[in-house]
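So this first bit is one chain, no partners, the form predicted alone, shown in structure tokens.
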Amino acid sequence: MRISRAPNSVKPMIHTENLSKKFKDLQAVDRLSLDVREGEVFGFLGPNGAGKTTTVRMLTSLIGPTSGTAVVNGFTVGKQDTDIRRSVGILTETPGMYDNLSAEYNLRIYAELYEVKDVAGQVEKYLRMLGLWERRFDEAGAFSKGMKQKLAIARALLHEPRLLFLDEPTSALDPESAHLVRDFIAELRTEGRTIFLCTHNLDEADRLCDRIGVFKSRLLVVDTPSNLRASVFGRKVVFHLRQTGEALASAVRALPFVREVKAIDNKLLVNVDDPETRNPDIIRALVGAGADVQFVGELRHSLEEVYLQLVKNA
């Protein structure tokens, strides 16, 4: 298992050691040890039933762990649960609202529970930011699922938490609304907030997350999206040539740092570590062997391919 930990100089907003949760005969979370650093968007990926939501519930002190320890935003789970719940924001996968009350009144209730100083100002701020201000007097029950999702995001942010847990934040949103929410998450990161993001949208995770943890009751791997690609598939560079042949493939294959070479049509697919350093050497070898190099590109595997391979191996 590859774990990319935060540097010692970076404060972890979430620190767990062997955090576990068992329901009767089901081991939902098994010895999770993880650091999430301050100011990063951390993606938590895994199949349905992997234990992601159970993990979020433990980290937000909604349920207690069976064993292990966790420190969230400087507070210890199981000892300072009220402080944790007060200091974090959470968007659950199925956020509940008071359907018979207006959107504005829903947010006012939660703002007062969080003891927000400027209730009216905070409610207006986030209703406007999420495009719901014109519908503020409408009953929440009349909202579409996507609008309810945005209202729930606003609710999670009313008290300006430094640590935010988002469980499927773009679920059921139309493309325009999903784009707005993704931009909103990116903006929150620029403000220095820490975001723990559970999502099945792997393209979304690839674009938003600084690091990603793949989870299936146990933590399988943690790293940046680019490092995960390299560790699972290696890095492959495509050399587009005017014409290819076995002599050209052999010239590249003879280089000591090249792992593998495949000739496909007029292209050579080369598996090599550190292409930024090695590509000039490969180009010189090709030109020396008589090749006409038209252009060079890197074959980029999707995060979905990486994720499926990791889960399959697990």
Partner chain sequence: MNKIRTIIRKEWAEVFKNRMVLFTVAFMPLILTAIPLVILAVTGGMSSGSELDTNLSELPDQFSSFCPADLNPMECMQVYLVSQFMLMFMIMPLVIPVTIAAYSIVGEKTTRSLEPLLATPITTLELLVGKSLSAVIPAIVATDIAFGVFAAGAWIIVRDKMLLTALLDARWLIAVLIVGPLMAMSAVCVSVMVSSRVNDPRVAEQVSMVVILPLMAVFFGQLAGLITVSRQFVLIIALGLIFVDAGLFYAAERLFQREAILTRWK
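Please read all numbers here as calculations on a predicted model, not as lab measurements. Numbering follows the first chain given and starts at 1.
Not on display, but discussed next: the form predicted in complex with its partner chain.
Taking the partner from elsewhere, L62 is found to have a heavy atom lying within 4.5 Å of its partner chain in the predicted bound form. Remark: G234 does not count among the residues lining its partner chain in the predicted bound form, judged by a heavy atom distance of 4.5 Å or less. Although the partner is absent from this view, F75 stays clear of its partner chain in the predicted bound form, with no non-hydrogen atom inside 4.5 angstroms. For the chain shown alone, R182 is not a contact residue for its partner chain in the predicted bound form, no non-hydrogen atom being within 4.5 angstroms. With respect to its partner chain in the predicted bound form, the three residues T92, G96 and L101 uniformly fall within 4.5 angstroms at the level of their nearest heavy atom. In summary, among the residues V238, I109, A186, A120, the only one with a non-hydrogen atom within 4.5 Å of its partner chain in the predicted bound form is I109.
This chain is drawn without its partner chain; in the predicted bound form, the residue among R136, K125, R85, R162 with a heavy atom within 4.5 Å of it is R85.
Partner proximity in the predicted bound form, defined as non-hydrogen atoms within 4.5 angstroms of its partner chain, places exactly one of 110-118, 215-223, 174-182, 190-198 at the interface: 110-118.
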